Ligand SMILES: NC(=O)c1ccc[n+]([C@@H]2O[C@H](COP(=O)([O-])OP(=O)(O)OC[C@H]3O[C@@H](n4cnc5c(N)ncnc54)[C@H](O)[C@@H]3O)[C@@H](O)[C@H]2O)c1
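Only one chain is included here, represented as structure tokens and corresponding to the form predicted alone.
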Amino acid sequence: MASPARDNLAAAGVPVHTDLATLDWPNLDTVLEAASQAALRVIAPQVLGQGVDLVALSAGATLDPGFLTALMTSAQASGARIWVPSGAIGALDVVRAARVGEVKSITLTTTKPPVALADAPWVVEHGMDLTTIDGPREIFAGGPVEAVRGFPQNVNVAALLALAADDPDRLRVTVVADPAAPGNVHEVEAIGSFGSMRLRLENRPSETNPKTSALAAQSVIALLRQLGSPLRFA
């Protein structure tokens, strides 16, 4: 199968492997997954089983509690670590700190142009015609598991918030289609014993993929830089 990414890597002189078995495991520090939730399910157990750190971009797969438990068990057994970039969202540090006390509620509202949502499974399954929208329209409201399943390329940030909160049931997700949206907008509100937090991010879409934000790719680079730095933020 043709792959522009594979071709670009080959052109840059980077070795390309189509089978994990051919990797030089003893000389690997970290494997970065940037494929899909299905790919993560296949790749992650092999990487962690080798004692190699894993950077997982398709965090939506971790909303399956059985899969997440298996990953944690494998990582603990081999000494490997699982890293999750912050993607197109912020405030994960606040959510993690808030859960040390009492967290009453966490909400995520994602607003995107209709073109970025048009072929999402939830939209297709419910026969929604987003081309007729002339103003903001709520097209989904529910929990993060259902949100990530229905919008796997749009609300991966819901999985990140659920992981940070350590409890998917605490998070409620709303998806809004808006032709006037100033990009990919994520609004997070958390209320707990610490007080309250409200964050709004207006992300510019990726030039090559309008379904995701440019910040998502930048967060991966920032994480990789931090892994090699003596100064780290948490």
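Here the structure is a predicted model, which is why all the values come from computation and not from measurement. Residue numbers here begin at 1 and follow the sequence given. If you superpose the two forms and keep the largest set of C-alpha atoms that fall within 1.5 Å, you have the rigid core.
Only in words, not in the display: the form predicted together with the named molecule, which the text now covers.
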Give a yes or no on whether every one of A5, A34 and T212 sits within 4.5 angstroms of the named molecule in the predicted bound form by heavy atom. yes
Note: the named molecule not shown here; in the predicted bound form, the stretch from 23 to 31, 188 to 196, 56 to 64, 171 to 179 having heavy atoms within 4.5 Å of it is 56 to 64
Check G87 for me: does it contact the named molecule in the predicted bound form (non-hydrogen atoms, 4.5 angstroms)? yes
Might M128 be said to contact the named molecule in the predicted bound form, defining contact as any heavy atom within 4.5 Å? no
Could you tell me if S74 has a non-hydrogen atom within 4.5 Å of the named molecule in the predicted bound form? no
Is it the case that A39, even though its partner is missing from this view, gets within 4.5 Å of the named molecule in the predicted bound form, heavy atoms only? yes
Have a look at V145, A120, L160, I139 for me and say which one sits with a heavy atom within 4.5 Å of the named molecule in the predicted bound form. L160
In the predicted bound form, which residues of 111 to 138 put a heavy atom within 4.5 Å of the named molecule? none
Is the C-alpha displacement of V155 equal to or greater than 2 Å between this form and the one not shown once the rigid core has been superposed? yes
Please check if Q50 moves between this form and the one not shown, taking a CA shift of 2 Å or more relative to the superposed core as movement. no
Post core alignment: T208 C-alpha displaced by 2 Å or more between this form and the one not shown: yes
Closer or farther in the predicted bound form: C-alpha pair A44, P152 (3 angstroms or more): farther
Which is it in the predicted bound form for the CA atoms of P152 and L54, closer or farther than here, knowing they shift by 3 Å or more? farther
